[in-house]
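There is one chain below, alone, in structure tokens, taken in the form predicted on its own.
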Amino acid sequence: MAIKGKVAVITGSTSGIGYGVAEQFARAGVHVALNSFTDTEDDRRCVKAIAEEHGVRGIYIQADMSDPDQCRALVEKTAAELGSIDILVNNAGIQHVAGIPDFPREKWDQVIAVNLSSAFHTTAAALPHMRSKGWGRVINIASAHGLTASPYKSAYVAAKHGIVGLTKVTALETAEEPITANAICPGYVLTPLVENQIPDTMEKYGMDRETVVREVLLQRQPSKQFATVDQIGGTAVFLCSEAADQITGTTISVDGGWTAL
């Protein structure tokens, strides 16, 4: 594959969507830098597992995505240790649910910092590296909530709409270069976090698993099926292929028809 040997850094990537994206890149022969705000043996083991299985180089870099300096340092450390930055995947994200009058100010600031501002800082640091190499891909993991809204998720929806806007600006600023920027907008994805919510939801509503999945979790997802982390990762790999050279500044929904409603 054309991207074999390139270097990708994926924020928020020791589990869930980020880990799935990292694994799909490694399968395609891409060297990967994984990231989280923690610094544990499990963090380092998951990188080692990907690298050994797919025969690529893998590193783990601890960085708090709410801190602008650490966001930029993540990019610079990746370039220093792996030799370049060819692919940047902004995936780190957090959530808080509350009505607007009751939404804690510190939670608003934290969600905006992690879900939106971090992508600005990593992109600002990565673009010079991509320009020096003459190739680059910026992939922002947005959400169906980057294109639509739900109540009680003001910070998350605002951040994800902001990510879509940042993607468009990045694409326009690099439009005459061999660099693209796109946003993937997942609906509900079956991650360990979602899987762990199912038993509590079953108990809360007195429903079996299948009913909870179809009628509660996937209420707004017409396919009534979860997207998978491998599907999100596969979409990211496609955006780095030659077939996607003229795809830039847009969103790709992987949401089972959610945003078609």
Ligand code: NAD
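The structure displayed is predicted, hence computed values, not measured ones. The numbering used is simple: start at 1 and walk along the sequence shown.
Form predicted together with this ligand: not shown, discussed below.
With this ligand left out here, work out from 191-199, 24-32, 206-214, 47-55 which stretch has heavy atoms within 4.5 Å of it in the model of the complex. Of the stretches listed, the one contacting the partner is 191-199.
Option touching this ligand, based on a heavy atom within 4.5 Å in the model of the complex, out of Thr122, Thr167, Thr78, Asn91: Of the listed residues, the single hit is Asn91.
Would Thr248 count as a contact of this ligand in the model of the complex, using a 4.5 angstroms cut-off between non-hydrogen atoms? Taking the distances in the model of the complex, the answer for Thr248 is no, it never comes within 4.5 Å of this ligand.
Look up in the model of the complex whether Asn182 has a non-hydrogen atom within 4.5 angstroms of this ligand, and give yes or no. Answer no; every heavy atom of Asn182 is more than 4.5 Å from this ligand in the model of the complex.
Quick check on Met65: any heavy atom within 4.5 Å of this ligand in the model of the complex? Yes - in the model of the complex, heavy atoms of Met65 and this ligand come within 4.5 Å of each other.
Given that this ligand is not shown alongside this chain, does Ser15 nevertheless sit within 4.5 Å of it in the model of the complex, heavy atom to heavy atom? Looking in the model of the complex, residue contacts with this ligand include Ser15, since a heavy atom lies within 4.5 Å.
Heavy atom within 4.5 Å of this ligand in the model of the complex - qualifying residues of 134-153: The stretch touches the partner through Ile141, Ala142, Ser143.
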